[in-house]
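Below, in structure tokens: the form predicted alone, a single chain.
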């Protein structure tokens, strides 16, 4: 068994897969959550196991609160503990609509998956982590929220996405405050333009903006970039920084004249 067990939501592709592979490369066993076996999660499983680590596939929808208990139970049954939770799963609007035209169906879908689900999954897992620390577990648990630069950058053609991520940022802060007394650190990572399937519909737009100097580091981010930051948190390099928010966005957020 690896040095610690990480439960990662949305682990079948993109940023979630990148996080899983980086953690596995550093000795972590992985419980990867995905909505179905056809989502690509089996590819993640093979690549994690090729790195010498155990992988548990957990099929569940983070937006379905009634599945959270089963998720935790499956991880505990296999590994006996949950040391790291990475709230990564998220969706974009099916169609980008102006804030004056978007509808409640799109709003509810994004809030359920991007905010409500991670909030309550964290509640369930945090209570398990508290039990582990009380029992003298050797690894101090960590919780990482993957939000977005959209937490504080408004996009009027996907307002519901920005709102869901802004809410998730506050969830990270409030959990950091509440869990500090148990020695459970909570962190937030805000990815910028990251080359994943989610951004494919707007890739040309962002290609042009990057070429024109939008970013200080003039390239797309990768899932591995995000994974490396998660590893740094989990390995204890930022133990004196619970509640920290870090943008992994090529310098997008640096104010310039």
Ligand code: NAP
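Bear in mind the structure is a predicted one, so any value in this text is a computation, not a measurement. Numbering follows the first chain given and starts at 1.
Missing here is the form predicted together with this ligand; even so, the following discussion is about that form.
Enquirer: Can you pick the one in 231, 210, 198, 65 that has a heavy atom within 4.5 Å of this ligand in the predicted complex?
Expert: The option sitting close enough to the partner is 198.
Enquirer: Between this ligand and 81, 141 and 179, in the predicted complex, does every residue show a non-hydrogen atom at 4.5 Å or closer?
Expert: Contact check failed for every one of 81, 141 and 179.
Enquirer: Does residue 191 make contact with this ligand in the predicted complex, using a 4.5 Å heavy atom cut-off?
Expert: Yes, residue 191 sits close enough to this ligand in the predicted complex that at least one of its heavy atoms falls within 4.5 Å.
Enquirer: Just to confirm, residue 161 within 4.5 Å of this ligand in the predicted complex by heavy atoms?
Expert: The answer is yes: residue 161 has a heavy atom within 4.5 Å of this ligand.
Enquirer: So, residue 113 and this ligand: in the predicted complex, are they within 4.5 Å at any heavy atom pair?
Expert: Although this ligand is absent here, residue 113 would touch it in the predicted complex, with heavy atoms inside 4.5 Å.
Enquirer: Heavy atoms within 4.5 Å of this ligand in the predicted complex: does residue 31 have any?
Expert: No.
Enquirer: Residue by residue through 34-60, tell me which have a non-hydrogen atom within 4.5 angstroms of this ligand in the predicted complex.
Expert: If the 4.5 Å heavy-atom criterion is applied to this ligand in the predicted complex, 34-60 yields 34, 35, 36, 60.
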